[in-house]
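Consider the single chain below, provided in structure tokens and representing the form predicted on its own.
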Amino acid sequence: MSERTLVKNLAALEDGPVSVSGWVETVRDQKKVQFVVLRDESGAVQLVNPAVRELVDDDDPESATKLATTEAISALAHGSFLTVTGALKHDERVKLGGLEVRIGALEVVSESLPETPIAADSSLDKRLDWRFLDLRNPKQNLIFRVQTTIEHAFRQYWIDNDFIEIHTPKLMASASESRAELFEVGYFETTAYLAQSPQFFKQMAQPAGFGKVFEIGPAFRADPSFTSRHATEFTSVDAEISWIESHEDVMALHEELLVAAFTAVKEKHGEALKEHFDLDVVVPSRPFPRIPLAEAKRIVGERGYEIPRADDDMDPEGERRIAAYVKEEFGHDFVFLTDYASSIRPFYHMRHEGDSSLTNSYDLIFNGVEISTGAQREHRVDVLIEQAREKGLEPEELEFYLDFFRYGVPPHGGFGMGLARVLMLLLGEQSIRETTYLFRGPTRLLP
């Protein structure tokens, strides 16, 4: 590999020889001097070349080389990839970083077509068609650097707290909760299903004695939804822990994890996020506010909004309104809505002792949007069977899962959280299409 210097590292170098590689962002081809803004994955730098428009001496090799370089720069198309060797010079008059590279030699590694198919004002859908070009934008690049920092902070927290990382299968013999929203795939002589979540498998780790587990991996929902927060394939952040007393223990874990992630993002990307997103990262204080769902419904009702649902759930507008209330009353961007009705929760959520109409569960709302569901799980096999039947599920179809509980299992609970939603809401973006590397929805399978 050549001795390439990243743009972000140029400022620390003294004036002198340097080699940089990247793609052409702009070219200013003036009569006497040429300027090229070269961008790589870390930043942009100005390249400068004194233009030679004609040969002074036909026998002068140096003059011929300078003419060839000038002509090559004049022919450069936006997006072409270059390697340039030259002389680094610090000059405070240069607006772009206070330095420039005087071109000595230029190699066009890969030419670009002269007209790009997207522009700064292209629609999101058009930009997604040409995602590899869209991602050259420094703002888009930053999204995935922030994502990397978040995931690293999650893992660091988990490792520091003695969690085990697992990788669960995404091909399942039966549904994890119900047959709704499942993708069926042919599997030799039978049918398999793409996993909606690692729920059953991360629970399996509890009787296995793992204690605390986590996974960051893909999940699939055959949901024909076109909202800004839904996808048919998404990255799910999951954790499950043993020996809990209630869902309160899961919420405490959830808080600590997010505080660790937001702290890391603020420390590493605070300045860049201010520049590109006009965003000041706020690390949430603990504990996050907690409001039982019934009380949250009462609050939004008193504030003039009646939830137009026939079931016992909260709708997206209700979530926005309760989040606005929490922001006003507590100055907090997060709120746990707790104690959901058993009628709208999966069969494996533990129900309140003495009130089976409620569950030991929660949804976590961030900036008005639900990003996660968590709960204490039911670990008594006889109760699980009864609750499954209440949901219209046949215990015979769940035998592999029910077996987990027939040989001893500790009280446990956990959560699943959508990574792209967290990013979307943190960065103030309007759609998870912006915060998903390659989005998949009902009408998008390419690129």
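Each residue number is its position in the shown sequence, starting from 1. Just so we're clear, the structure is a prediction, and the values are computed from it rather than from any experiment.
A second form of this protein, the form predicted together with a further copy of the same chain, is not displayed here; the remarks below concern that form.
### Task
Please determine, with the chain shown alone, which of 283-291, 345-353, 303-311, 134-142 has non-hydrogen atoms within 4.5 Å of a further copy of the same chain in the predicted complex.
Among the candidates, contact is made by 134-142.
#### Entry: Distance check, residue 228 to a further copy of the same chain in the predicted complex, heavy atom within 4.5 Å
Contact check for residue 228: no, nothing within 4.5 Å of a further copy of the same chain in the predicted complex.
### Task
State yes or no: in the predicted complex, is some non-hydrogen atom of residue 79 no more than 4.5 angstroms from a non-hydrogen atom of a further copy of the same chain?
Residue-level check for residue 79: yes, a contact with a further copy of the same chain.
#### Entry: Exercise: residue 206 in contact with a further copy of the same chain in the predicted complex, heavy atom 4.5 Å
Residue 206: yes, in contact with a further copy of the same chain in the predicted complex.
### Query
Is residue 411 close to a further copy of the same chain in the predicted complex, meaning a heavy atom pair under 4.5 Å apart or at it?
Result yes; residue 411 sits at the interface with a further copy of the same chain in the predicted complex.
### Query
Which of 123, 74, 357, 190 has a heavy atom within 4.5 Å of a further copy of the same chain in the predicted complex?
Of the candidates 123, 74, 357, 190, 190 is the one lying within 4.5 Å of a further copy of the same chain in the predicted complex.
#### Entry: The single option of 272, 96, 164, 259 touching a further copy of the same chain in the predicted complex, heavy atom within 4.5 Å
Flagged contact: 164.
### Query
Considering only 135-161, what residues come within 4.5 Å of a further copy of the same chain in the predicted complex, judged by heavy atoms?
Result: 135, 136, 141, 144, 145, 147, 148, 151, 152, 155, 156, 159.
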